[in-house]
Every structure is written in structure tokens, then in C-alpha cells.
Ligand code: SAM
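Single chain ahead, written as C-alpha cells, the form predicted on its own.
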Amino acid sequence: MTISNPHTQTITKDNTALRHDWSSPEVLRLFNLPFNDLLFRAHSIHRQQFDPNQVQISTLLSIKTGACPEDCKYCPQSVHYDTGLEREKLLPVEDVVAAANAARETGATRFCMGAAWRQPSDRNLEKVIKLISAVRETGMETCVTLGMLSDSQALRLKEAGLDYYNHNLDTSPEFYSEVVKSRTYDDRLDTLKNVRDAGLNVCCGGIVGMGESRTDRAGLLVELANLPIHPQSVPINQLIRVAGTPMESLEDLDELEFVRTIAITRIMMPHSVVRLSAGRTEMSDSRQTLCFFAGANSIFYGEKLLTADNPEAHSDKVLFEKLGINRKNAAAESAA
């Protein structure tokens, strides 16, 4: 499904026109640009909207792991696949607060919590709301990813003070059935609408390297950019091939193709924070550097992304020092 949007552009406070009328052929033409021309264009836009030497840091914690009823072919937490992952109950408040404090001390300004549910029950939602309140008391921004949400659940999270809700589209509408069958694309779009209508900030992106074509990567970006409001955060994940999942034997996505995807994300959604998310353990410093130049300005700190490995904070600090990149502090984050 392609979003039908009567508004082709939004005019922002700085008189920037944000487009919502992209087409796949147009995006494919961006993919086909000479690499240097594409990066120059993306970096020029990035520099107009952001400090090119500043990166926002988030940390992601799995607060309820395993036994998810969904059949996402990339996910080790799905009950459909034998990945050796043990099912865990919702973490207690004190454990989550300790993790949030540790994340803040390493420079993170946003603390993201993920639970392996198709959709939270109202009872479980209230438990998560207690975690949100506790994390907010540490001074961190809060984000959760809990699966699908009803309109009333989204409003309840907004009333509780949640800052961001993450719900990815994963891929293009055309390739989606090759990845997930237990939830429709419209289900995802409905949740995003409920989140937007509640007044929450949206964190929404996708995964590349799942065997999709370049046309599918273009299709994903079209869907994201043609939403009524561009997601405030756009995580671009590289597939982590987990043993036991149907995607464990897929070939790696070409490194420069990944950088191209980051650059085009920046061009199409110039005001959004573009996050290098899953897969950074497989990325060289040089590749990440190209991504920062192309417009990525957020990463996840921490040794784990839900259940997957992630570079240690020390490694990222060393790279930032080499590049002269500063971490975005909490005060700047609040003012943005």
C-alpha cells in the first residue's frame, strides 16, 4: 500500500519545503547518481539542517525478550524459529533504571525500551508506563517499541510522558510479504497513524540486506518520506543474520549501497535524525565515516541491540575522537 497524501509538501519554520510526493522512479534516479555527486548533495543538505560534526546517542534495552508470536524472518525473538534465545519476563523497574543511568553516564540522551509483543495488553502497557516514568526521572528522553498500538494506547503513552514511539516499516510494500506474514503493511501504517495522532514523536525506518532489490529500498524510502509527517527519527538497519532464522544465509549488502541508502534518506527527509542502527558490528570505521558524511547523525551506544551484538561505547568514542565528532548533549537535544 502506498500512502495517499493530499499534501505534497510541508513548509517548516525555516521555510524549508519538506516533500511528501516522492515516486520510486525519482528515488531510483538518486540511487543511480555517481557516488561522489550523491554524497555531495546529501552532505550539503545535512550541513544546512544539522551540525555535521555532532551525533545523537541512544541506547536500546530489551525489557521483555523472546516468544514473540510474529513471524518476521529476520528476528531471533520470534517463537517460530529456534535461535536458542531464552524467553524472559518483563524486567523489574530497578534493573531498567540502572541500565538507563549507565547509558546516561556513557553519553546517551535517549533510552529506548523494546518488548517482544505483537501488541501490548492494557495491563502490560501500564507496567511499561511505570518504566517510562522511572526512566524520565533519570533525565533521559524515552522511546519504546512494543508492537502495534490502538489509538487509546498511543494516547495513554503520550499522557504518561513518552517522547518517541518506534515502529518500523521494515521494507517496501511489494517485498513485505517475503519478510512478514503475520502482520500486514496496513497494520504498521495504522499504528503509525495512531502514534502521530496522539502527538508522539515517530521513530520509523527499515532494514536493508534482506534480499530485497534496489527498487524495494527505494520503495521503503518513498513510504517513509510520503507519510503525512516525516518521522522525527529514521533508523536504517543492516540485517543481522541470526542462525536459526530464515535469513541466516543471505549475502551481505554491498557496503557502498548501504551508504547510498543513508545519503538518499538524508535527501528525502532533511529534518529527520537518521540513525545507524543494527549491523554496526559488521561495519568498518571507514564505512561508518562515509555514513556520517552522507547524513547519519545518530547511533545506538551499548553492547546489545535488544538481543544482537553492538559496538562497545569505547570503540565509538575512539572513532568520534578520530573524526572530531561531538556527542549531542541533553540540553541541545531538548532544544532541537
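Values in this document were obtained by computation on a predicted structure and should not be read as measured data. The first residue of the shown sequence is 1; numbering continues from there.
The next section is about a form of this same protein that is not shown, the form predicted in complex with the named molecule.
(request) Consider the chain as shown here, without its partner, and state which of Leu192, Ala108, Ile240, Leu221 has a heavy atom within 4.5 Å of the named molecule in the model of the complex. (result) Looking at the other structure, the residue within range turns out to be Ile240.
(message) Between Cys75, Leu149, Val259, Ala103, only one gets a heavy atom within 4.5 angstroms of the named molecule in the model of the complex; which residue is that?
(response) For this set of options, the contacting one is Cys75.
(message) So, a 4.5 angstroms cut-off on heavy atom distances: do all three of Trp117, Asn168 and Ile207 pass it with respect to the named molecule in the model of the complex?
(response) Yes, the whole trio is in contact, each within 4.5 Å by some heavy atom.
(message) When the contact criterion is heavy atoms within 4.5 Å, does Thr145 count as touching the named molecule in the model of the complex?
(response) Yes, Thr145 lies within 4.5 Å of the named molecule in the model of the complex.
(message) Is Val273 near the named molecule? Define near as a heavy atom within 4.5 Å, in the model of the complex.
(response) Outside the cut-off, so no.
(message) Please tell me whether any heavy atom belonging to Lys158 falls inside 4.5 Å of a heavy atom of the named molecule, as the geometry stands in the model of the complex.
(response) Looking in the model of the complex, residue contacts with the named molecule do not include Lys158, since no heavy atom lies within 4.5 Å.
(request) Find out whether any non-hydrogen atom of Lys127 is located within 4.5 angstroms of the named molecule in the model of the complex, and reply yes or no. (result) Contact check for Lys127: no, nothing within 4.5 Å of the named molecule in the model of the complex.
(message) Within 4.5 angstroms, counting heavy atoms, which one of the listed stretches 133-141, 160-168, 251-259, 88-96 is next to the named molecule in the model of the complex?
(response) Of the options given, it is 160-168.
(message) Could you pull out the residues of 272-286 that have any heavy atom within 4.5 Å of the named molecule in the model of the complex?
(response) Sequence-ordered list has one entry, Ala278.
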